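Below you'll find only one chain, the form predicted on its own, shown as structure tokens.
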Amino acid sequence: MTGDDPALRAAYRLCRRRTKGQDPAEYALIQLVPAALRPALHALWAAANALDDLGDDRTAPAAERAARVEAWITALHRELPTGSSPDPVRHALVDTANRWRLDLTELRDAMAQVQDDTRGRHFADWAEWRAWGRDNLLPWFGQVRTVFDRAGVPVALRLDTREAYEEFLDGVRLTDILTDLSADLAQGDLLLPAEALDLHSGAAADLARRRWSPAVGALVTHLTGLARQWVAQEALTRGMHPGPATVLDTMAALLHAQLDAVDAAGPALLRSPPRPALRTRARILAPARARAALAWRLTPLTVPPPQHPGAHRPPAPAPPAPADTFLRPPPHPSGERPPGIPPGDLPAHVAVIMDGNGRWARQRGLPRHEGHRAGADAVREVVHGALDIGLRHLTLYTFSTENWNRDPEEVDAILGLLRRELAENPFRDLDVRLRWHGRAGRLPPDLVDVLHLRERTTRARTGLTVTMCIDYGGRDELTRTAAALAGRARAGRLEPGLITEGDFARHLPLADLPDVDLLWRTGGEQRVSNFLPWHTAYAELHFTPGLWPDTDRRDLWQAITAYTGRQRHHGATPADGPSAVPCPTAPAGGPGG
């Protein structure tokens, strides 16, 4: 795989030795994949570990460690186009990225997180802890999945296993933290959420003093139980190619063995990392090697050749940029600026039913998919207008659960357009956080992957949040929420007779989506079409006749202006009379009017 470059061969050998010496379990798992793929996986593991080592080196003060991490990332950014690096680990990573066409921008936030970790980490609850762990692990595991994809063995995850996959990685992270507890405590770190520590009074103080106590023992037992639950995701590999499935199943078995060792360590857990017995590992790995060998023997692989000058150079993860480096959206061609509405009068959340793409195309004698293409241009324009006016949340009804009933050719065109838009990433340089809200089970796995990629890589942005409702239905959302509540009640975690609106809201599939203030529909129809029924309970409704592809940012501004003229009481009696007269719905402005 490394061609005739002695320095590159030495770089990959170093990555292999480091993997084997520092993480024997990871090395054993990599041995279960075909030999042609192993150097790439060694390079990815060694790069992640090199960054962690820089961040964890307590012989240097935090500021110096953060500077070293930043220098490492900056060097990688500079070296990727050259195809080489004086640092052997980065040399191997650069070659791996170029050869396997990896987009290392996916690692930007994960690498930046290592820099942030030098200042110490404290987690109030499991939600904060999960976000931290997933932001770190998911991008690196995503690179491994891409290597398999490029080799012709896609590790496609069914949508109904997406949460299982992320929960599995939660189990990986928690097992690692429990294993390394002694080393972390020696450095003054306790990477567990207060929510878990508070369940065992005195455990946090005892751990800070590195003293084993009944509270610490109970905490460890509780945490190993959680980790076992998260790692036991049997449905995760169902239907997966037997090669990667064997790797994941073996990884789960090794994690269970590691958790057994944590449980058995007792007070020794606070002095040194526990390890499973060699015979335990051998009992797991021997049959796994046989299964993997058979699976790969029957699988043709596509292995890229060594890179040459001028070959593909994927983008490197740029150093973390401050928020004020985001670009402003391009101005409207007319030069018109948004109305000067005080921020306190703006709706916090505007939801849009983008209606009229098909009719727009039919009026022009074009196929329907041309209407959807023009509609995508209108989406860009409206997002620019939302940024211009300072809107915080914009939710777009992109593809409903009922849209599957359309002609298959049109459905394929819509999904293909979504792929292209997400791949092009037109909001890359804007302060836009992208999210996806929808039903698991029917979307193509590659589309789901890029949706989750955009979610991960924009998660830290604090400007406009754009939520794309794709394979979404309001009744389906409510049904799923009811099922979640029923499951909690059956498990004894909720009393059915005491369920409140707050309980219901917390069990919605996207529980942190705020209520909608303004629901706007284009295309002349005046119905809500199964869109966000829970969130729009008190929304102001705004219907305009213009077809969606003719819409631009001025229509959004006029909708928001009309909203500011409404009196909103949420069922209360207004101060100046017994009833309020709503402002008549204004016609759409701009070219859509």
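What we label the rigid core is the largest C-alpha set whose atoms superpose within 1.5 Å from one form to the other. Because the structure is predicted, anything quoted here is derived from the model rather than measured. Each residue number is its position in the shown sequence, starting from 1.
What follows is about the form predicted in complex with a small molecule, which we do not show.
> Residues H393, V516 and Y563 are flagged as a possible site; in the predicted complex, is every one of them within 4.5 Å of the small molecule by some non-hydrogen atom?
Checked in the predicted complex: no contact with the small molecule for any of the three.
> Among the candidate stretches 337-345, 278-286, 162-170, 413-421, which one is within 4.5 Å of the small molecule in the predicted complex when only heavy atoms are counted?
Among the listed stretches, the partner-contacting one is 413-421.
> Is it the case that D355, even though its partner is missing from this view, gets within 4.5 Å of the small molecule in the predicted complex, heavy atoms only?
D355 belongs to the contact set for the small molecule.
> If you check in the predicted complex, is R368 within 4.5 Å of the small molecule, heavy atoms only?
Result yes; R368 sits at the interface with the small molecule in the predicted complex.
> Just to confirm, G375 within 4.5 Å of the small molecule in the predicted complex by heavy atoms?
Yes, G375 sits close enough to the small molecule in the predicted complex that at least one of its heavy atoms falls within 4.5 Å.
> I'd like to know if N403 sits close to the small molecule in the predicted complex, meaning any non-hydrogen atom pair within 4.5 angstroms.
Answer yes; at least one heavy atom of N403 falls within 4.5 Å of the small molecule in the predicted complex.
> Given that the small molecule is left out here, which of T398, T96, T118, T458 has a heavy atom within 4.5 Å of it in the predicted complex?
Result of the distance check: T398.
> Pick from I73, L254, L107, M468: which has a non-hydrogen atom within 4.5 Å of the small molecule in the predicted complex?
Answer to the contact question: M468.
> Tell me, please, whether between the shown form and the other one the C-alpha of R406 is shifted by 2 Å or more, with the rigid core used for superposition.
Yes: R406 shifts by at least 2 Å between the shown form and the other one.
> Does P39 move appreciably between the shown form and the other one, meaning a CA displacement of 2 Å or more on the superposed rigid core?
Where the cores coincide, P39 shows only a C-alpha shift between the shown form and the other one that is less than 2 Å.
> Once the core is superposed between the shown form and the other one, does I470 show a C-alpha displacement of at least 2 Å?
Where the cores coincide, I470 still shows a C-alpha shift between the shown form and the other one that is 2 Å or more.
> Quick one: with a 3 Å or larger change, is the R101 to L417 CA distance smaller or larger in the predicted complex? Answer closer or farther.
R101 and L417 sit closer together in the predicted complex.
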